[in-house]
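Listed next as structure tokens is one chain, alone, in the form predicted alone.
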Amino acid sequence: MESIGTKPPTTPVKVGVISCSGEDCLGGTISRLATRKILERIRLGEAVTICLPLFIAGGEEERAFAAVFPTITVDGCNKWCAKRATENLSGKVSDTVLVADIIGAEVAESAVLSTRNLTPEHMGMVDKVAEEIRVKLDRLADQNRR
């Protein structure tokens, strides 16, 4: 039972995660797999993803979400496509993850692999990027409780 003067419980807001959609380098693959890991296993129900191609093509709901809710972009390389598109269409992002900063630019920009050819080392990279997303997501969720 809640006593008088007790603050009502707060609910964390959903955080949007917009991943790179690049198919030209390993960093794009790592960014998408790490984002899916966050959404499907690490923070199930606490985050949503926004399809970058739909967002760019004019998805009004996606653009409105990114304009209102905290949003993290996950870019595979230093072209920053996800961040640039989001900021051009919805406003400043809340935080960013650059895969190249975590696994190294040379590795991130190396040739793309089919997901069936990824090694345990690649999956370790996915884990490292997912952990960076999780830390930033948790911080934003705590800062934006409603």
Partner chain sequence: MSEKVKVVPCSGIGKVHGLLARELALKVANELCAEITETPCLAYIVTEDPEIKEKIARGKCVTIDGCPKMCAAKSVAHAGGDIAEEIKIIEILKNYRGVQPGNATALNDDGWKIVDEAALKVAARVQQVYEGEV
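Computed from a predicted model, the values in this text were never measured in an experiment. Residue numbers count along the first chain shown, from 1.
Beyond the structure shown, there is the form predicted in complex with its partner chain, which is absent from this document and is the topic of what follows.
**Q** Which of these residues, Val93, Ile42, Leu54, Val107, gets a heavy atom within 4.5 Å of its partner chain in the predicted complex?
**A** Going through each option in turn, the one that passes is Leu54.
**Q** At 4.5 Å between heavy atoms, is Leu89 in contact with its partner chain in the predicted complex?
**A** Residue-level check for Leu89: yes, a contact with its partner chain.
**Q** Asn78 versus its partner chain, in the predicted complex: is there a non-hydrogen atom within 4.5 Å?
**A** The answer is no: Asn78 has no heavy atom within 4.5 Å of its partner chain.
**Q** Given that its partner chain is not shown alongside this chain, does Asp24 nevertheless sit within 4.5 Å of it in the predicted complex, heavy atom to heavy atom?
**A** Because a heavy atom of Asp24 falls inside 4.5 Å of its partner chain in the predicted complex, the answer is yes.
**Q** Taking the shortest heavy atom distance, is Ile50 within 4.5 Å of its partner chain in the predicted complex?
**A** Because a heavy atom of Ile50 falls inside 4.5 Å of its partner chain in the predicted complex, the answer is yes.
**Q** What are the residues of 32 to 47, in order along the chain, with a heavy atom within 4.5 Å of its partner chain in the predicted complex?
**A** Read in sequence order, the residues that approach its partner chain (within 4.5 Å, in the predicted complex) are Arg32, Leu33, Thr35, Arg36, Glu40.
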